[in-house]
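For reference, the chain that follows is the form predicted on its own, supplied as structure tokens.
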Amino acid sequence: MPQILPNFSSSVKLKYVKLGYQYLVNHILTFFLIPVMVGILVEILRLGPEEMLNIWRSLHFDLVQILCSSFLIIFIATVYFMSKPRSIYLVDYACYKAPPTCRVPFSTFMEHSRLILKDNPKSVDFQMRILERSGLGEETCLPPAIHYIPPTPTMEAARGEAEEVIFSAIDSLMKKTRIKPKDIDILIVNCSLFSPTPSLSAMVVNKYKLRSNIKSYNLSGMGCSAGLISIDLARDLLQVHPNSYALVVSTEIITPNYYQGSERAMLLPNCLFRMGGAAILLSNKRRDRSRAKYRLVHVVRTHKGADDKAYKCVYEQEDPQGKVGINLSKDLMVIAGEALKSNITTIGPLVLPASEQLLFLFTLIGRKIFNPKWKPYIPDFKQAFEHFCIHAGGRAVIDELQKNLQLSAEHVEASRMTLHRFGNTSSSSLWYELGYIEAKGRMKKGDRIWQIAFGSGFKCNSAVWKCNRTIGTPTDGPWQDCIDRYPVHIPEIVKL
């Protein structure tokens, strides 16, 4: 019987071939320069010191040439440094942690649902199926007003939740960074669905007695990706206001937005959204470079609102009974995929190494010229980033991104564990994920982080950070008392 040939793919380590290709392409300039430098050195040694001295003496410079050359060098250096964007540093951040009294175990959530929707058992069963597959754990929190039967979403209760979440996060941040309220030059608060008068930013100004000339902004209606929009706005403002601090607050107030109707598409947010908030301190001061945790590298924003389906896939509306809620379309994941594709197309050339860009280009040319049926090459973003913070919008969102970006379980661990412990905290979820990575002691100097968020409109926004210094395991924060229990196994279905 003839000997069976070994499988080529397994016997020859093709991954090493790819690693060799990546190393060669990414360091091609070095490989070109080394022979040139060696050649120059050999030529200098061949000529000897006397010949080199004679060549130097043969060069004739007059005063005018020296002055003109010096002026040109100084002019070019001045233009370069004046046009160079200011570096934006993330000094530190703090996440809100709700008290144990706000926790909503599955049993409590379902008991309340049965009492509130006692005339509509199908809606109760629908919520139970969603919760079983949601990826949430038993320790997520809802505000006190939602614990009543029926819930009491009053304006006073909503303001109370906003004050609790926002002030707690800011107090923790100021304690960490040792800055005073008078030091803050720019304030940006984003909250999508709760927009009272006076605004939430005015509430912060009043509480902390911020300066009268503070540049204050309040963003609403921009969905779960508003946190990165706030970062982008802060970056632009810090470019034109030197020597400044920017305080960014990201949150979502649940109290006035808890849907009490029976429409299934509008009940879904009740199962996923939970309390949360984060406060972030940004700076463009050079002296903060040494103490800052991260440096902002890129922000890329993609808006698909020109398409009607994308515009209405996350839509606030009234149901037939006149009860207001958020309607999540069945096309949401498809639209999110299209938005992500557009965002990746923009951010890819900014972050991917040359080896990945060339492979993508060769595949694209091959599909155009030779065979359109060739499988498109998906760039390996693991070559560009060490850590991924994917918006914890739900298990389906994380699963889809893990599949499309070909990420490992460890790459999406922070997102899954954040969803399990805190639920979907909207725009602040990215900061809980970053806190998880730090709490695990995985953040090292030079590490690159990709934050990806999706929001109504429909938007996909990305931020790229570079770690400024190796970050030790924090002694406080939302993960302090539970990080040792994580990661946990999350079954596909939790039977209730």
Partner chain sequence: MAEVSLTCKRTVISTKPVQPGKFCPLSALDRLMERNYLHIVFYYQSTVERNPGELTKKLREAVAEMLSAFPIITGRLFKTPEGHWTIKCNDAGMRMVEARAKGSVEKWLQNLDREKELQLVHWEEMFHKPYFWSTFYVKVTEFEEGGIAIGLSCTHLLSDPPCATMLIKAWADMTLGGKMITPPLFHPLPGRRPGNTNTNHEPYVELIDYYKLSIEKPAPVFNTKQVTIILAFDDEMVRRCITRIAPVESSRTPFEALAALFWVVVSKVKGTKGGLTNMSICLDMRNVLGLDRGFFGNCMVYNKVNGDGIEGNELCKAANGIKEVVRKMDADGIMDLIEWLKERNYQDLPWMNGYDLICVNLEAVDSYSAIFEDNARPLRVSYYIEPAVGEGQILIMPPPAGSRNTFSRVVTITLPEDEVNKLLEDALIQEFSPTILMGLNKMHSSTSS
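It should be emphasised that the depicted structure is a prediction, and the values quoted were computed from it without experimental measurement. Positions refer to the first chain, counted from 1.
Omitted here: the form predicted together with its partner chain. The next part is about that form.
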{"item": "Candidate from F75, F362, F370, Y148 lying within 4.5 Å of its partner chain in the model of the complex - any heavy atom", "value": "Y148"}
{"item": "Selected contact from H387, H420, R235, H112, since only one has a non-hydrogen atom within 4.5 angstroms of its partner chain in the model of the complex", "value": "H112"}
{"item": "Triple contact flag S195, S216 and G221 to its partner chain in the model of the complex, non-hydrogen atom at 4.5 angstroms", "value": "no"}
{"item": "Candidate stretches 400-408, 198-206, 274-282, 137-145, one within 4.5 Å of its partner chain in the model of the complex by heavy atom", "value": "137-145"}
{"item": "Proximity of T108 to its partner chain in the model of the complex, heavy atoms at 4.5 Å", "value": "yes"}
{"item": "Touches its partner chain in the model of the complex: K312 (any heavy atom, 4.5 Å)", "value": "no"}
{"item": "S212, heavy atom within 4.5 angstroms of its partner chain in the model of the complex", "value": "no"}
{"item": "Interface membership of Q321, its partner chain in the model of the complex, 4.5 Å heavy atom rule", "value": "no"}
